[in-house]
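A lone chain, given as structure tokens: the form predicted on its own.
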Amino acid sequence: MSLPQFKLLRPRTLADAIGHLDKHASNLRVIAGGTDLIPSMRQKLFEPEFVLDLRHIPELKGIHERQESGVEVGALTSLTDIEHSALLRRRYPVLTEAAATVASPVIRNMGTIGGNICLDTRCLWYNQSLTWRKGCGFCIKKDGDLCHVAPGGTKCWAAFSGDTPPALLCLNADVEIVGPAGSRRIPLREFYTGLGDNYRTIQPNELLTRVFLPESSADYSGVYRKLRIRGSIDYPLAGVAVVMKRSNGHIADARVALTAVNPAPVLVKGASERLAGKVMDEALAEAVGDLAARTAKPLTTSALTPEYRREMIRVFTKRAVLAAAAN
């Protein structure tokens, strides 16, 4: 499948990039690593007149420790750099573990943390060629008015499948968004809407520029577990991130987040309260796994059944909680 025709824009500064966005936002797509956008353009999911290439903006790259205020990560920082950062591995290990599971080494060399946060939601009926989608009558996410996953409703159930966002949710990360009106900083949990077709709160003329990892979430033990068909390359069909801090043998604080089983990455409600102040054992880990399984809403979007994916969320959560407590 060939790419549609487009004009490539290559700004050298963030200000220039925002200027292009403000001028062409209605018919423009942003490219960072391109690992998701280029295949989608080949499938004719996007046919923009302009493509904005951010790779030559140095201020959007790098991992920077800030005295007593945590770590800032530029949105264009590659997933390989996240994976191999000694600073992040020491202070925020759940993030490096999640980054290491993304696709293959070649993809991680190109893919960026900002791109993984902004990853398009996925669906068996949406992520196909134009000919295939036309034969199915299109879908509510692209060119149609029916969700083939849940045909009885009006909501798009395309699933979010990024690996790093659940880890970032566990770390209480914030993101910086910049547009013509200036910059704003919001918690990552407010970045996602929970809708498969309109899944982010960012506006067409805005860019995600930085990720903030707070000092208060540093030095937690962290674990990420991922279910996929193949041992590499594939998107997650279920993913679980866990962070935990222990004190005197008890759990002082913990958080659990899921990906690939809802239209957005989500924190498991009640997990922190269930774990806080407790001594870890099999029964407690199993109870948290039950909470996670009730949070997961997998539908028929892959070769695996929703029932199997929900059960694997339960199993992976139990294993991840036990592993985090053992670190």
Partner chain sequence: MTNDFSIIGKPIAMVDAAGKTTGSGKYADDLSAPGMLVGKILHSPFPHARIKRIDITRAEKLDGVVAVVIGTDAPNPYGILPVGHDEYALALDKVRYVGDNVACVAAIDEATAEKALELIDVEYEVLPAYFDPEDSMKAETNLIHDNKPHNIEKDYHHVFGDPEKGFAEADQIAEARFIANEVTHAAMEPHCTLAAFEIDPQTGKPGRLVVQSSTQVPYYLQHKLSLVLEMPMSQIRVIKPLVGGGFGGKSEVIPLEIIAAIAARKAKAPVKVTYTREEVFWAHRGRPRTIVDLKTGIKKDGRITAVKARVVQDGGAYCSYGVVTILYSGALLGALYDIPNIQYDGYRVLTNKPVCGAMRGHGTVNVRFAFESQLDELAAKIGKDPADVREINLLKPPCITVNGLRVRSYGLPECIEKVVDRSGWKQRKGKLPRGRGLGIACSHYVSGAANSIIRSDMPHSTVNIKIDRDGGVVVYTGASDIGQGSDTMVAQIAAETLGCSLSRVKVVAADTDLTPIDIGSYSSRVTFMNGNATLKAVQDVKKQIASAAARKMSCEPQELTFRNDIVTKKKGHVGADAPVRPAEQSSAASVSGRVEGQILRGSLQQKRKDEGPKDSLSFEEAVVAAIDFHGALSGTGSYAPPLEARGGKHKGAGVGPSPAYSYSAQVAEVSVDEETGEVTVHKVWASHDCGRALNPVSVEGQIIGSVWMGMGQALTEEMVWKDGMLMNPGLLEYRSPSSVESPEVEAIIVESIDPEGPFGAKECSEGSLAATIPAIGNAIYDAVGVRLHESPFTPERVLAALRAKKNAKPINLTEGVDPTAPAKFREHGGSLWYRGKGPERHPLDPSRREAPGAAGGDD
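These figures come from a predicted structure and were not determined experimentally. Positions refer to the first chain, counted from 1.
Not on display, but discussed next: the form predicted together with its partner chain.
Chemist: Pick from R91, R210, K142, R255: which has a non-hydrogen atom within 4.5 Å of its partner chain in the predicted bound form?
Modeler: The residue from R91, R210, K142, R255 that makes the contact is K142.
Chemist: Just give me the single entry in V51, A285, L299, A264 that has a non-hydrogen atom within 4.5 angstroms of its partner chain in the predicted bound form.
Modeler: Selected option: L299.
Chemist: Going by heavy atoms within 4.5 Å, which of 158 to 166, 221 to 229, 79 to 87, 186 to 194 lines up against its partner chain in the predicted bound form?
Modeler: Result of the contact check: 221 to 229.
Chemist: Looking at its partner chain in the predicted bound form, is some heavy atom of each of L146, Y235 and K318 within 4.5 Å of it?
Modeler: Contact check passed for all of L146, Y235 and K318.
Chemist: M312 versus its partner chain, in the predicted bound form: is there a non-hydrogen atom within 4.5 Å?
Modeler: M312: yes, in contact with its partner chain in the predicted bound form.
Chemist: Taking heavy atoms and a 4.5 Å cut-off, does R274 contact its partner chain in the predicted bound form?
Modeler: No.
Chemist: Flag L14 as yes or no: does it have a non-hydrogen atom within 4.5 angstroms of any non-hydrogen atom of its partner chain in the predicted bound form?
Modeler: Contact with its partner chain, no.
Chemist: Just to confirm, G249 within 4.5 Å of its partner chain in the predicted bound form by heavy atoms?
Modeler: Residue-level check for G249: no, no contact with its partner chain.
Chemist: Note that its partner chain is not shown here; using its position in the predicted bound form, name the residues of 129 to 149 with a heavy atom within 4.5 Å of it, in sequence order.
Modeler: Stretch hits, in order: S129, L130, T131, W132, K134, G135, C136, G137, F138, K141, K142, D143, G144, D145, L146, H148, V149.
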